[in-house]
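Below sits a lone chain in structure tokens, taken as the form predicted on its own.
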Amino acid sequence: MKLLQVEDLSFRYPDQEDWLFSGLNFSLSAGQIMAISGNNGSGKTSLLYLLAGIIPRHRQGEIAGNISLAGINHKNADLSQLSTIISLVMQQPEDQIFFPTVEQELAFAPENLCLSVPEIEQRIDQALRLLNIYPLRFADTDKLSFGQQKLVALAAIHTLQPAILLLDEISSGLDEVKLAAVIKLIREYAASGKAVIIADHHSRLIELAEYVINLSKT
């Protein structure tokens, strides 16, 4: 099943004369892992922001081309609608952690989906155990290390269970043990029939992908 289709996509910020990237064409199907590579400043984060809908809803720029998302109108949907289908774990976890405890952070998304209490508990438990952070369940989010915050932000998106998971430099700040947990999650996420797009420099993450888009060559 095709989840995402990108056709002749180009983007530049208001202060740019040249396109940051142009003429991108790719698709993503259920079960696939895709990687985005490129030099710093090549547009990896901007592409993820476009796919997640952050651009143009919260950040401005000129867009050409089309993004088609299975099951929802990408162009006209608001972020709350898009996030149930495609969601981003940002480079800086403090930008998307809002609640005082880890459990509250992980409960927020499934509660907004109006899931039953047992289902919410199951999703929280699954995400915490999959990333080996169960002992952090009742921890204060403002006392977590940067690496722990990264895993909590990822766990919170995991409880939402979007069809497409976007990861922006997820390896930054992670030791080998934490990175191994992320790799396990990515593999299981794709194996469950969902899809993952990874923008990262770490070779172990790039190697997970079936194909790689190099923005430095666009």
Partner chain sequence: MSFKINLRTILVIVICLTGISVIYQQPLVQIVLLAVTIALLFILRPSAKARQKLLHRLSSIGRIILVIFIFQLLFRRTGNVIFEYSILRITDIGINYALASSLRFFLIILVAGLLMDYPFQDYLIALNAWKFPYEIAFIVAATIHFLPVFKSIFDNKMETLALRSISLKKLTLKQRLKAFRTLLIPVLANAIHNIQNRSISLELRAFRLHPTRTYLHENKLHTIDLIIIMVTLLLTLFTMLTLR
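Residue numbers count along the first chain shown, from 1. Here the structure is a predicted model, which means the values were calculated and not measured.
Missing here is the form predicted in complex with its partner chain; even so, the following discussion is about that form.
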> Want to guess which of 177 to 185, 24 to 32, 37 to 45, 149 to 157 is within 4.5 Å of its partner chain in the predicted bound form, heavy atoms only?
Replying inline: 149 to 157
>> I'd like to know whether Pro100 contacts its partner chain in the predicted bound form, with contact meaning heavy atoms within 4.5 angstroms.
In response: yes
>> Since only the chain is shown here, I'm wondering whether Ser80 would be in contact with its partner chain in the predicted bound form (any heavy atom pair within 4.5 Å).
In response: yes
> Taking the shortest heavy atom distance, is Asn112 within 4.5 Å of its partner chain in the predicted bound form?
Replying inline: yes
>> Can you tell me whether Leu128 touches its partner chain? I mean in the predicted bound form, with a 4.5 angstroms heavy atom cut-off.
In response: no
> Quick one: in the predicted bound form, does every one of Arg59, Thr84 and Ala107 get a heavy atom within 4.5 Å of its partner chain?
Replying inline: yes
> Taking its partner chain in the predicted bound form, which residues along 8 to 47 bring a heavy atom to within 4.5 Å of it?
Replying inline: none
